[in-house]
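Presented below, as C-alpha cells, is a lone chain in the form predicted alone.
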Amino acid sequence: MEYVLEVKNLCKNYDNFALKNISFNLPKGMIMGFIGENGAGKTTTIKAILNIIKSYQGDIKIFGLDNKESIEKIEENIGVVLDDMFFPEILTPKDINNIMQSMYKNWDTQLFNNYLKEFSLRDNKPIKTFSKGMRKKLELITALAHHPKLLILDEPTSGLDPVARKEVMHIFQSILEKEECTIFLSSHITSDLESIADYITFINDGEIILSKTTNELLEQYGIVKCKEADFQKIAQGDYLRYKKTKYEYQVLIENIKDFQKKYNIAIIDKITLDDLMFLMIKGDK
C-alpha cells in the first residue's frame, strides 16, 4: 500500500502538554478524519507535519520525502487550511489569485474563479467585508485551486452553516473522484467525517487512542445498554469503557458480533463518532 503521509513516533514537549509517540499512516487517495477534544493535540500535530513546529522528535514523510529536507517539492503539492489562518483584510479574491499565480506552478485561475462563483464570493470585494464563513470558503478555494495531491485541513468547515458544510464535503468527494488527491481532515464536527472519511484517527491528551477504518468503527463497535446486574456479568476485558447514568450502564465494546456470542444482552446500539469520543474520554475503565 502506498502512503502519502507517514507519521512515526512524533513527540513534542511543552511546559504543560506533550505529544507522545504519535504514529499513523494515510494511504493514497483516502480521507482520514482526525478527531479529539480541543487541546488534545490535533493542531500541534498538523503544524509538525507542515514543519511549522521544528523542534520535535520523530519522523514525518510526505510523498515518501522527509518533511524537513524536501520542503519545496512538498509545498508545491499540498493544499493547506489552518484554523488560525488568515489573509490580509485589504486584499480581494482577485488579489489572492494574482499572488498565488506566482507561487504555484499548477495554479488554476479558471478553477479558482469557478469556485468563487459556486460559493457566491465576489472577486472584487475586500476580505474585510467578508463574514467568517465567507473567509473560510476563500481559504478552502485557495487551498484547492492549484490541484494539490494532499490536502491538510484543520477545522475547514468551522464557521460554515450546514448548507455550506455539505457543499464543501461534496467538493472534497468530487476532488477524490476526479484527481489523485489525499485528504487529512481535522474536525470537531464528527457527523461530517462519518459521511466522507475512510479512516478515523483519534487523539486524546497528546496520544493516539485508535486509528482504524471508519467502517470498522461504525459497524463493529457498539454501545451496550444494560442494568447493573447485567453489567456485573461482563468481564473487564470485554469492554473498552463504561458510563453509569441514572437509569442504566452504557458500555463501549469493540466487536458487536463477538460480544453477542458471549453474552445474552438484548440492547446493543451502533455508535456515532460523538459516542466514541465521549465514552473514550469521559468513560471509566
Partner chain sequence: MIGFIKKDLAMIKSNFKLLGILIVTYSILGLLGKLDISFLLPFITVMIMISTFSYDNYNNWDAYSICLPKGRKNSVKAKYLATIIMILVISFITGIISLLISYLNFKVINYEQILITLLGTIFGTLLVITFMYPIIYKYGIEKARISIFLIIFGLFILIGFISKYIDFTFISNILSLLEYYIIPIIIILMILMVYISYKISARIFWKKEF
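Positions refer to the first chain, counted from 1. Because the structure is predicted, anything quoted here is derived from the model rather than measured.
There is another form of the same protein, the form predicted together with the partner chain; it is not shown, and what comes next is about it.
- Message: Since only the chain is shown here, I'm wondering whether S102 would be in contact with the partner chain in the predicted bound form (any heavy atom pair within 4.5 Å).
- Response: So S102 counts as contacting the partner chain.
- Query: Would L91 count as touching the partner chain in the predicted bound form under a 4.5 Å heavy atom rule?
  - Reply: Although the partner chain is absent here, L91 would touch it in the predicted bound form, with heavy atoms inside 4.5 Å.
- Is M85 one of the residues lying within 4.5 Å of the partner chain in the predicted bound form, judged by heavy atom distances? Within the cut-off, so yes.
- Though only this chain appears here, would N98 touch the partner chain in the predicted bound form if you measure heavy atom gaps against 4.5 Å? Yes, N98 sits close enough to the partner chain in the predicted bound form that at least one of its heavy atoms falls within 4.5 Å.
- Message: Going by heavy atom distances of 4.5 angstroms or less, which of I196, V80, A164, I175 would be at the interface with the partner chain in the predicted bound form?
- Response: Looking at the other structure, the residue within range turns out to be V80.
- Heavy atom within 4.5 Å of the partner chain in the predicted bound form - the one residue of R241, K47, K225, K61 that qualifies: Only one option qualifies, and that one is K47.
- Task: Would you mind picking out the stretch of 28-36, 231-239, 50-58, 245-253 that comes within 4.5 angstroms of the partner chain in the predicted bound form, counting non-hydrogen atoms?
- Result: Heavy atoms within 4.5 Å of the partner chain in the predicted bound form occur in 50-58.
- Interface residues of 125-161 toward the partner chain, as seen in the predicted bound form [heavy atoms, 4.5 Å]: The stretch 125-161, when checked against the partner chain in the predicted bound form, contributes R135, T142 at the 4.5 Å heavy-atom cut-off.
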